[in-house]
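Read on for two forms of one protein chain; each stands alone as structure tokens, with the labels structure 1 and structure 2.
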Structure 1
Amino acid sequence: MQSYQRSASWWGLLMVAALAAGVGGVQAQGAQYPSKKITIVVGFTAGGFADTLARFVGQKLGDKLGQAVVVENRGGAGGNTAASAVTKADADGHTLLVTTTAISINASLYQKLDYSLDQLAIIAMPGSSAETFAVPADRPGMLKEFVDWAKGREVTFATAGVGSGSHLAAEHFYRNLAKIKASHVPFRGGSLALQAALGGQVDAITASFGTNAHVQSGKLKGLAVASAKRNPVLPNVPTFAEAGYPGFEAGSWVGFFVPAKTDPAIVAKLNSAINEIVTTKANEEHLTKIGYTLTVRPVADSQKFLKDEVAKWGQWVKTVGISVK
């Protein structure tokens, strides 16, 4: 009941403020931001790649900014539900969107969306995880061997679903780089794809984030990671460049957004706060251990990276030829 009473006592004040300002609550923002609790809307269900980082960063952000941070999961439609909701929220920096690479894929994948990326401003994408190609333990475990082995047959590969980053990256590799025939077996989420790979039901799996523990334990063999540097958690798995396919980089990232009209000062403040969080030694160690690759970028670089991502994934969406009405 506390806020009920609070609401009664604040009512008059707010009315006066609203009348005086003409428009509700828009005052000089940057200086006294944040002035109330911050809501982080996560575009995916609790417990996943985006949610875990959102909760971790959210909690530290709350300590840093001296306001409560609540995480609200609004999964659905590949992250579009949450994105659309945040574009409609007040542009005062108290509502953040946390989503993944999906938002840059969806821009090309969906024929119609009820929001556009222009309605959102990127703050930072602090965490990412490169796409890892892996095979069950009884399949050839070196990339070159695997490609040769696959030439004679039509191999199957599992991913977390149609239009996921893993799917598009894998199709790009098999079709354009390795030039072999491979059939995509989509699963409802990364865990079920992982299960199929562990059981040897499919010939390969492409996934970010989820496979590390299994490659470490030897239940899966890592073929290659699609990143510039090797994954420190999987030091024995080569990059695609080392394995003979230079320039093939793809990964899933977690991005923090606010509505586009938000004061740039607030965006800058959040950007530096998040960057400080992920560069603090203890946090860095923790996040790296559970599988995130951490990147620190200023706002302008983040904007540029986002633009490049939209272009890259758009290209691959075209290659695969999928589109959702």
Structure 2
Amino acid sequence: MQSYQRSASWWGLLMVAALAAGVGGVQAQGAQYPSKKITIVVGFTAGGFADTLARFVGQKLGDKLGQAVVVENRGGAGGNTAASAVTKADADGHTLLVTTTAISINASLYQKLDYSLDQLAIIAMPGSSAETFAVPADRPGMLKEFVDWAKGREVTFATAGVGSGSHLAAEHFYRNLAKIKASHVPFRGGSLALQAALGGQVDAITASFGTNAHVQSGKLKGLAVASAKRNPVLPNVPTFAEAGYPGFEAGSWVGFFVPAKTDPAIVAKLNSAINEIVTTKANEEHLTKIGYTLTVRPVADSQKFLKDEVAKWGQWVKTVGISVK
């Protein structure tokens, strides 16, 4: 009996030592991270909603962590091209994915994907922006006027790709609320959709970010913003509720991800660094001024928010009735 107790005690000590070594190893790896260049893979083209925040945070992240940070744009398939690529990267924290609400939509929008959200770990969701509906300068500039003008014809609207938050919001509005025929013209990124709107190649654009400066300058007319309150960047653009469509609210967020097997210590370190970047006063003022609403969440809260987003947008996909093979 005594021999068994000594043996059990001995194995217990070994287990404690092993666990301590494991925890210490993770902590050490987190402390040593990063050990080389960090690559941020953006799921959309340069100059858009996701890319602008990725490049701003990436530069500050490089300064904070003491390593070079490069941004690589891999637009296509509503952000799926980039997401799939990052799931196949080494899970060492040196390859990050930056994408948008689209990733939570794609889980139900696409009939088949070559990756799943389980293969990615959320780091942070630091920025969001309400959807803005805008039109070229020669189209009717009030929402009611635009809807009246659109009836009896088939209008076109641009967004940054099939399945984006902007796409679903626009489809829901045109089909279910305004009840007008509107054809979606998808682009590989927000900047391309914006160029089409500025050139009058489409009748309208729905975007969560890129239209702000051009509405301010008068090159585009803002019809309405899909938020509870007016966007302080566009104080003269009414909310949908003010324009006669109460309850219509929609927006997109920007999220940072890594491959799922990345050490939690590295994920936590990145979460802390990104949250510090967006809450530094000068950075916060800059990002708010150009149209981002900033949010600071710990990793666990980001995980819950993402889960809720997948469920919410899944219902929107079902309501709108669209899918992609």
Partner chain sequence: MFDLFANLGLGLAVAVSLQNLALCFVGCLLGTLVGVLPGIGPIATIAILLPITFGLEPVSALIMLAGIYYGAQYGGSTTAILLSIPGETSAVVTTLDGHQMARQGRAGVALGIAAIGSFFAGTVSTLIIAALGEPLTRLALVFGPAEYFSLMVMGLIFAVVLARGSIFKAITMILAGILLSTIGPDLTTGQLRMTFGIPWMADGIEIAILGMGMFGIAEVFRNLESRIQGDVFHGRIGRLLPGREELAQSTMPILRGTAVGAALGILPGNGAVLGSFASYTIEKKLAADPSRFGRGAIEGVAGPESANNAGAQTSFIPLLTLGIPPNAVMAIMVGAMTLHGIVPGPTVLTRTPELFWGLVASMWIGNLMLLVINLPLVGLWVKFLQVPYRLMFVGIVIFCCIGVYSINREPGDIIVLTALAVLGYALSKFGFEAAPLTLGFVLGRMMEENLRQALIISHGRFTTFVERPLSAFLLTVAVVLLVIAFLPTIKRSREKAFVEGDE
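Throughout, residue numbering runs from 1 along the sequence of structure 1. Because the structure is predicted, anything quoted here is derived from the model rather than measured. Throughout, rigid core stands for the largest set of C-alpha atoms superposing within 1.5 Å between the two forms.
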Quiz item: Is the form predicted together with the partner chain structure 1 or structure 2?
Solution: 1
Self-check item: Size of the rotation between structures 1 and 2 [smaller rigid part against larger, C-alpha superposition, degrees]
Solution: 25
Quiz item: In Å, how large is the CA movement of residue 183 between structures 1 and 2 relative to the superposed rigid core?
Solution: 8.0
Practice problem: For residue 153, give the CA shift between structures 1 and 2 in Å, the superposition being done on the rigid core. | Solution: 11.4
